[in-house]
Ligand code: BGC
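The data below hold one chain only, encoded as structure tokens and taken in the form predicted on its own.
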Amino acid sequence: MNARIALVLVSCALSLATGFVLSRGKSSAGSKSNGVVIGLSMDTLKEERWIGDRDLFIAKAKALGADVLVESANSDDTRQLRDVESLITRGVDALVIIPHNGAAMARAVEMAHAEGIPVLSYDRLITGADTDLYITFDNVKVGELQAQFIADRLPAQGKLRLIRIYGAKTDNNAVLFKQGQDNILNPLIAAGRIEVVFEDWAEDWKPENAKKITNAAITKAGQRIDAILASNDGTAGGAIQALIEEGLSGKVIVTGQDADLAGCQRIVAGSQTMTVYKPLKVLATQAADLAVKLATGKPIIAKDESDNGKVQVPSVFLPIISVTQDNLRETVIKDDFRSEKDVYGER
């Protein structure tokens, strides 16, 4: 099946519409006559969030008449490249990649394009490659929401003492979250309103690494900590474990992201203060729809673009919401992303 892709890129800055057609011819070995097959190459399935993405993506793709082949790389770049090679060999019509390392997956895009297979970068941007399409949330805005939450709670007198826990250095999203956080925090740091007492990157987003960072911060700076800017709910959970050991749980502002069930439960309990809710059902279902359109050559509207270091990648950005105890029911639970019973327990 030839994958002829028509992407209509609408520039928000210029309010102009530019149409272009990208043609990729698949080899005869990869052609089929019995429907569309999408390859989904995932970084990991160790986190609750990604299991949900997978299930929602598959369900939507099947509703559109497409089959999905899934591979998970367990956060191993070499294994993910092998996974992509396997999916290509099995003759997928489009490839969706959730990269562990955005730069490392540039090679995956090259391999796919050599066989005429279009590539959709899912939630994390593949850098340094001629990637066909990118779907995500506005990750700079995610960081801004997290930092603004802290900025809105500065003490009337003195400065706020802050621990910053970034995500994985290999994840381009972690860099974008930090960029957004910096947009809000840097002026306050320069004005002496916020003091960053410790900061580090949590390798592979692991909670245990976030716990080590928090332990090291308390060892260095003492217990007088006002806030922890954790970049997702997993690292927030690791930081909170360290706070529990120090008797500080519930006394320190802790941010997060993803509205993980455990994160929502911690918000109800008061140990975590906020999370950024990214409606994953919208992300996964729209990604499946886009993947099928890429595979079948149907036109796609992309209103934004992202610089991946090589090209401006046509991009679809989705909305995000800051969630606290005050609006948990009106957002996460109302959307059926989490159930009332799971979040609040038996009542």
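Fair warning: this is a prediction, and the values are worked out from it, not measured in the lab. Sequential numbering from 1, following the sequence displayed.
Quick note: we don't show the form predicted in complex with the named molecule, though the next part is all about it.
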item	value
Every residue of 123, 232 and 278 near the named molecule in the predicted complex, heavy atom within 4.5 Å	yes
Distance check, residue 272 to the named molecule in the predicted complex, heavy atom within 4.5 Å	no
Contact of residue 50 with the named molecule in the predicted complex (heavy atom, 4.5 Å)	yes
Partner proximity in the predicted complex: residue 258 to the named molecule, non-hydrogen atom cutoff 4.5 Å	yes
Any non-hydrogen atom of residue 132 within 4.5 angstroms of the named molecule in the predicted complex	no
One stretch from 170-178, 104-112, 237-245, 191-199 that, in the predicted complex, holds residues within 4.5 Å of the named molecule by heavy atom	170-178
